[in-house]
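In structure tokens, the next block holds one chain alone, the form predicted on its own.
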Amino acid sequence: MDAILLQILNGLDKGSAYALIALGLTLIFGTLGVVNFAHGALFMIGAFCAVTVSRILTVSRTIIDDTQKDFLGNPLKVEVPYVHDWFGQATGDVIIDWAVPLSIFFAIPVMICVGVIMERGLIKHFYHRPHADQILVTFGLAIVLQEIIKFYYGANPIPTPAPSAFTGSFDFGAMFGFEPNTIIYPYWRLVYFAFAAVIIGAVFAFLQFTTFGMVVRAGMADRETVGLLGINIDKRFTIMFGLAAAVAGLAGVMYTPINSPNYHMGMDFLVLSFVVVVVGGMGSLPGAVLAGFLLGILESFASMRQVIEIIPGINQVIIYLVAIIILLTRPRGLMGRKGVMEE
């Protein structure tokens, strides 16, 4: 039972990232009908927003500290972050420590701008082109963005730690009546799951209960009729592209303490996120979230040592095997809509 609970926790952790990326991807496909292979790059850019904020907060000046001496007795040169000058040492240390959560406030406007520029500058020209053209141009854009990040930040992963308050682990075993230290799980992974749940809930609430969201949902169902009512649906869809980019970016920001940002992390998640979208059903937002968590849990169980000993390598292909089975039995995915991608 303890092994099962641990794998469920691992699955929810992975599923949170899959669900957030697939949610943004489905928002773009559902509103604009565009197969966006650059969506993984948006996840990567979000992660590097956290790296950027962390670096900005640690920009420092060099001073001579007479209270510290080297082995020859000379005063030491000490690097003092500017945030210490502005807010004091205690507050400055807290700000630096909480760089990743604070990056959210930087990433939201940046990602919305990136999404709007991407949609207005490039993708709008491919609305009525074949999906193959959309895939090629967005995949090429993803490679360009990846190389830009590689040029400015380097090819090596950049460790970006979580706040020190969340660096420990939570003893789930004690909470469920097991022996202490039986089920230990990192606090930040639990924070990531809770964060993903809040973002997913906020997106669905926005689409369900706001006038803007209702118009967008109507446009997803029948774009032409909504346009005939005098509503500028294109403008609203552009805003939704920016919001979808923000969702992917926030997923990347909060994932940085779990997986150190690197220039190819977007590609690592891109294929998996498309599999999630296809399994959930193209254009289905609930399907994308459901498939994200289900596939995350399946991948986690397939990674168990007992399973790998019986079927070596199954953890590498389980998601794709499930996708094949789902598409053979339910070609539209778990919750796909009729007519989507069937022309």
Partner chain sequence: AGHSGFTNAPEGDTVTLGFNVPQSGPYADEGADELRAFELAVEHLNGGGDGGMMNTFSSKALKGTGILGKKVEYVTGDTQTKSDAARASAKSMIEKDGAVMISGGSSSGVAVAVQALCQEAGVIFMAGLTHSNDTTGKDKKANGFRHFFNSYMSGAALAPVLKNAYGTDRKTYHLTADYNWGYTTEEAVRSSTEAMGWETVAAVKTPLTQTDFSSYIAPVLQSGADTLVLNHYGGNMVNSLTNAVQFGLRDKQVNGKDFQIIVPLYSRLMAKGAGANVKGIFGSANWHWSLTDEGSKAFVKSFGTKYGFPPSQAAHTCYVQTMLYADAVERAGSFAPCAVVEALEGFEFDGMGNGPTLYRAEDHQCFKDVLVMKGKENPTSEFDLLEIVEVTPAAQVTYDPNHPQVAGGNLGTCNNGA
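Basically, rigid core = biggest C-alpha set you can superpose within 1.5 Å across the two forms. What you see is a predicted model, and the numbers here were worked out from it, not measured in a lab. Residue numbers count along the first chain shown, from 1.
The same protein has a further form, the form predicted in complex with its partner chain, not shown here; the description that follows concerns it.
Between its partner chain and the residues Gly201, Pro75, Gly168, Gly88, the one pair within 4.5 Å by heavy atoms in the model of the complex involves Gly168. The candidate spot formed by Thr58, Ser164 and Phe241 is out of contact with its partner chain in the model of the complex: none of the three has a heavy atom within 4.5 Å. Taking the partner from elsewhere, Asn315 is found to have a heavy atom lying within 4.5 Å of its partner chain in the model of the complex. The closest heavy atom approach of Gln68 to its partner chain in the model of the complex falls within 4.5 Å. Among heavy atoms of Ile308, some come within 4.5 Å of its partner chain in the model of the complex. Residue contact with its partner chain in the model of the complex: Phe237 places no heavy atom within 4.5 Å of it. The stretch among 96 to 104, 244 to 252, 262 to 270, 193 to 201 whose residues place heavy atoms within 4.5 Å of its partner chain in the model of the complex is 262 to 270. The partner is not shown here, but in the model of the complex the stretch 283 to 305 reaches within 4.5 angstroms of its partner chain through a heavy atom at Glu299, Ser300, Ser303, Arg305.
Ile56: CA moves less than 2 Å between the shown form and the other one after rigid-core fitting.
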